[in-house]
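Presented below, as C-alpha cells, is a lone chain in the form predicted alone.
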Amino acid sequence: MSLQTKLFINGKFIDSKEGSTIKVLNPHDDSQITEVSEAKAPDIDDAVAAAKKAFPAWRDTQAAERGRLLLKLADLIEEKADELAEIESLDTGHPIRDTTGLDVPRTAFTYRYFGGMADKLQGSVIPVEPGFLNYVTREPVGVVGQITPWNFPLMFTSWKMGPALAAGNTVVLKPAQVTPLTALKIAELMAEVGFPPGVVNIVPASGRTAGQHLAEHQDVQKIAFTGSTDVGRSIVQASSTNLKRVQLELGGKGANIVFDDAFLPAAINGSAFAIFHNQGQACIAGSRLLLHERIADEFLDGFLALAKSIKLGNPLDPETEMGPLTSAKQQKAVLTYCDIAQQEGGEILTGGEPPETPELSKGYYVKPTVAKAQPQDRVCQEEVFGPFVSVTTFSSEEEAIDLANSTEYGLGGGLWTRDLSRAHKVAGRMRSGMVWINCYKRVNPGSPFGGVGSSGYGREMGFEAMHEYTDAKSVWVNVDAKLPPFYKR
C-alpha cells in the first residue's frame, strides 16, 4: 500500500506553498498514519487558475474521449481495488468488508456510468412558430469547485467528479481534511490514465479557510458541496461574490416507518443496515425508527438482539461488522447526544457508550445505540451522525406521515409494509427527496440523489446530475432568411 501525500495541481503532485501539513489519524487507535500537504488560499488560486486554463480544451474534447478516460479510470480502480479498500478502511474506520464489497465497487460503477453518459447528453428542438428553428444545447458551466465529506471520501470522488468531467467541466476538488488519502490516490490513477493537466486538481485543506476561499472564488462558476446544513448555508452566502451556481447535499434525519403488516425479519435487518452501516455516518441513515404500536415490542426484541450482536473491531479485520467513528470529534458528539437523550427523559435501550474491550479503548468507538425518545426531543430533530437510532411509536397511518415530516430535513426515508396501496400513498406524502419501500439506503448512478428543505437542493447521479453541471443554451435560426414584416421598408 502506497500513500500519496501531496497536492495535485495542474497534473503534478506538489507541496503546499506555505509548507503546511495535515496529520491524518487512524480512527481505530488514534495513531498517526501520515501527514499530507495542506492547501491554503494561494494553492487554491493556483488550482483554479490551472482548471481555468485547461477548460477550453477539455470542453472542446470529443465527448466520447472524455468518456473513454472515465471508463479507463473505472477499470484501473477495479485493478487497484484491494489497495483502495485498505486505504479507505485505514483512513475512515469503514470495515474492510464494506470498503471491499461496497465503497470501491460503487466508485468504479459510478465513474463507468458517467463515462458512458458523456456522449449521451443530448439537446432538443423546440416547436416554435413557422419560419424559425429553435434548438437547445447543453454547455459545461466551466470551473467547478467541489467539497466532499469525510464519511464516504472515495465514493464521493465519483459522485462529484464523474458527471462534472463527463459534461466537459474542469474541477478543483477539496476532500475533507480528516480523510484525504483515497482522493489523492484517485488523483494518481487519473494521471496514470491520461487526464490532461489542470482538468482535475485535488487539494486537501481546511473547510474554514481553503474551502471558504474556493466558494468565494471569482473564477469558479459552480460550487458543489456535501456536508452539514450549517456549512451549506455559509456556502450559499459565499457564492454571492459572482452568483455562482450552488449544489448542496446536506444533512438528513431519515424516518424509517415500520407498519403493523410489515414482514418483521426483513424490516429488522433492513433497519439495522439503515442506521448501523458505516457506523451511522450517512446523511441518509434511517436514524428515526417509527414503529406501529401493535408490533413495537416484537420488533424491538429482534432489533435490540441484532444491535447487541454486531461485532465491533479493527476495520482491517474481515470479521469486523462495525468500525470506529471517523474522528474523535464525532465520537464525542455522538456520546453527547446519548447524554442529551437521557436528560430529556428518553431511555437508552442498548449502547450509549464506548465498548469496554481493551484493544478498542484508544479508538473512536461507540456501541450500537437504541434510544426511546419523543418526537420533539433533540435526538429526534437533530442529526446525530453516528450509530444512534431513536424509537417512537405511532397508532395510525396519518400519525406516521406527520411524524416522518416533523423535522426540517427531507433527504431520505423508508417504510415497511405488505400493503401496496399504503406503500405508494405514504411514499407520495413523505417530504423527502428519496423514499425506500421494504428496503433502505439503495443507491444507483442512474437514480437521482438529493433532498428538499434543510437537506439542500440539486441532485447527484443520473441525467439530473449532468444537467446540474451544464447550462441550457437556446439558439434561434431564421430558416426563411427573410426579415420579419416590421422591418420592411
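Everything numeric here is computed off the predicted structure, so don't read it as measured data. All residue numbers are counted from 1 along the displayed sequence.
One more form of this protein exists, namely the form predicted in complex with a small molecule; it is left out here, but the text below deals with it.
In the predicted complex, no heavy atom of Gly363 sits within 4.5 Å of the small molecule. Although the partner is absent here, Ser234 sits close enough that one of its heavy atoms falls within 4.5 Å of the small molecule in the predicted complex.
Although the partner is absent from this view, Trp58 stays clear of the small molecule in the predicted complex, with no non-hydrogen atom inside 4.5 angstroms. Mapping the unseen interface onto this chain, Glu249 counts among the residues with a heavy atom inside 4.5 Å of the small molecule in the predicted complex.
Ser206 is the sole member of Gln381, Asn134, Asn269, Ser206 with a non-hydrogen atom within 4.5 Å of the small molecule in the predicted complex.
This chain is displayed alone, yet in the predicted complex one of Pro175, Pro315, Gly413, Pro368 has a heavy atom within 4.5 Å of the small molecule; that residue is Pro175. Only one segment in the set 123-131, 250-258, 105-113, 76-84 has any non-hydrogen atom within 4.5 angstroms of the small molecule in the predicted complex, and it is 250-258.
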